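Given as structure tokens, the chain that follows is alone and in the form predicted alone.
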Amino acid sequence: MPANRVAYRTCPLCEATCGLEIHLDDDEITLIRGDKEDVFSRGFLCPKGTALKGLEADPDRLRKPQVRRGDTWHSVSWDDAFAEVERGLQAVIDTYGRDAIGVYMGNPSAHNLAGMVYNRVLNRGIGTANVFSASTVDQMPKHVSAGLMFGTAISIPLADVDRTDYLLILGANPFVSNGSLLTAPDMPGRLRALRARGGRFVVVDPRRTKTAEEADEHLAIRPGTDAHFLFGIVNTLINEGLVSLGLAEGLVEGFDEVVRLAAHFPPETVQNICGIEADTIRRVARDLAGVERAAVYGRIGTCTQEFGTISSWLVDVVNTLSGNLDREGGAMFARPAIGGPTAEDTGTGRGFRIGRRESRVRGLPEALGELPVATMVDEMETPGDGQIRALVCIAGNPVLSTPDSGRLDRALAELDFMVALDIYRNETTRHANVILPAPRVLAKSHYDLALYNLAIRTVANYSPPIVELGPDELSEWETMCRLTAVVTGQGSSQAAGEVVDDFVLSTLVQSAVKREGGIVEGRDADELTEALSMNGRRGPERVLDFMLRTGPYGDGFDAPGHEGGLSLAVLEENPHGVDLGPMEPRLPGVLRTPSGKIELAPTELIADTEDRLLPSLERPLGGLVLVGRRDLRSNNSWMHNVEVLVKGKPRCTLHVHPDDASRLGLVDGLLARVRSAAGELEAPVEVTDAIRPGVVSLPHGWGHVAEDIVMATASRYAGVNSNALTDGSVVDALSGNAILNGIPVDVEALVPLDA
């Protein structure tokens, strides 16, 4: 590769998928800025993207496999590391069975091409029922509600921000998060453009976030009451004759059930619960129904609460009843270039199911093949068949990111064996016996398989590796394939890993040629496989090429009528990406419900509303509650070791309203003790009127205080772990999602440490 060059790739550090222009001298990054020619981000870039240089050069980032023997760590070869993994995991399988191995997948997996391709085959190879991920501390309620309404977990209607006239945002802060379950780079610019063309956006949040500051209106809701507020809107739409189904006309089942339940939630009833006046609720409902194009967007604040799945469901009930579902400028469905469960317009399917099995200890329901991570520690602590005695942890730090963090920390220390795929020795991986590191970001290929399912424009952008693997680095796909070979009894050699890779591709090709109506139906599978392996391709690139070529915009391997369609070669010729246009109306073809209809009132959601939400109308109010918050420079716990992202004003502070501070004797900058049913911590107070009275706030993912982690920068800016206050014994009933917002707490002032 030339010494001085410019390369382009998609940023892998959050959901925005911004394009990067990277200047290099040999393999050293000299400059990163936004790619002005990127078809999606058009030069926009947040501070995380420019900090990629710091992440690549971080001296604490692991570069060789690590094996722990006793209390000491040793750098070893890849062959020796896999041999250690084989000994450890096979011993657990032979003694206790496959369910004795737990799997945890962290947030970075969704931003990782190799992870998205091979995580599933690894999990199936392990053959355990004990699979967990960050999804159940983040987004599972939305997957469940969308699945029950529309047929698949990724059938999530997306706010068409670029064309809407009115956007209602609940529990989201896209000026900071850049969008979540809504892939749209430069959300600040898009929202400002909405206002510039005469539109409006309204933010519903207990905090006056950066997004709320720039909104036309901020409604400071009481945490955990989004479902009550949304039912108040539904009640208004129905009682004022504002229901108009638009493109969903004739496609809706269950309207009468929604009418029946909404009768219990008139604005006058819910105003005292949610803290938003009845007249305001009615006005919002009228605005949603009255403007030409409107959309409701709810995100993490609506998911990580007591009624997370009900709230997520009601977002799309409102979108449907106001006539804004599948309408340009409303809430629409993506059609990603790589195809998938909803790419073809079949209009019916098997539908979506939850609770196909339950967790061993607490009987919590499975969703998407996963169990709620809130019960992972129960499965480790409780003896019996299926007790977790070993853990495979993939790019995650559940000690900081999941409930009951103290219990989990202690339980990990008691495991028989643990292997982690990670770039750091952090609060979780310090308990591992083996850590298998990922290579540098620039040495990996990238394509956002997951996130383009949620993009507000159909784009395709592939990033090839721009530096060579170092002598001690192994590509992630090889690591995952060799790990799969280990757990399936094929050994740990490179050749065994390649057999797994070939199996993954063969399975996809065989399925595609048998799929009735598919673009390669009836084709010769061997011929297609040979075409995919030209130019020596292996690993996720072969899989990606196949998914592109058989997707809705693909060339179908030169199928008639598809000449000039997408392939990996086309993307390689277009380093700034390929823009395939805005979302288009897709009803009824996008539906995958057995009825071929939108299930407006799924049985499970009706029952949960009757069992839990209706009784909450009589619940007494009062007391402080805790909510989380997001910082522009932070993405959970894994970016806290980059100096440029954590330096400056302390961010891990307890936000308290001046009225509460005065009442409790709290002083700005001094410490307070915060207690919940799960635990307690001490944090510095930050008095601010940007939070609703009766609410306090701590950010998520901090607390880097363990002595044996190797994250020097994170340790200097340690902060406190808010999940010491999160009670894993309570979860959202349908999705099993952890409750991270609306947690009852007591707060008291402490004497300053230096007094």
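Values in this document were obtained by computation on a predicted structure and should not be read as measured data. Numbers for residues come from their place in the sequence shown, where the first is 1.
Although it is not shown, the form predicted together with a small molecule is what the next lines describe.
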### Summary
Among Gly232, Gly102, Pro223, Gly497, just one has a heavy atom within 4.5 Å of the small molecule in the predicted complex, namely Pro223
### Message
I need to confirm a contact call. Of Val137, Ala331, Leu237, Leu113, which residue comes within 4.5 Å of the small molecule in the predicted complex, counting heavy atoms only?
### Response
Val137
### Query
Residues in which of 634-642, 79-87, 658-666, 160-168 have heavy atoms within 4.5 Å of the small molecule in the predicted complex?
634-642
### Query
in the predicted complex, does Leu740 have a heavy atom within 4.5 Å of the small molecule?
yes
### Message
Met418 versus the small molecule, in the predicted complex: is there a non-hydrogen atom within 4.5 Å?
### Response
no
### Partner proximity in the predicted complex: Arg207 to the small molecule, non-hydrogen atom cutoff 4.5 Å
yes
### Task
Check whether Asn107 has any heavy atom within 4.5 Å of a heavy atom of the small molecule in the predicted complex, and answer yes or no.
yes
### Task
Using heavy atoms only and a 4.5 Å cut-off, decide whether all three of Met380, Leu391 and Gly728 touch the small molecule in the predicted complex.
no
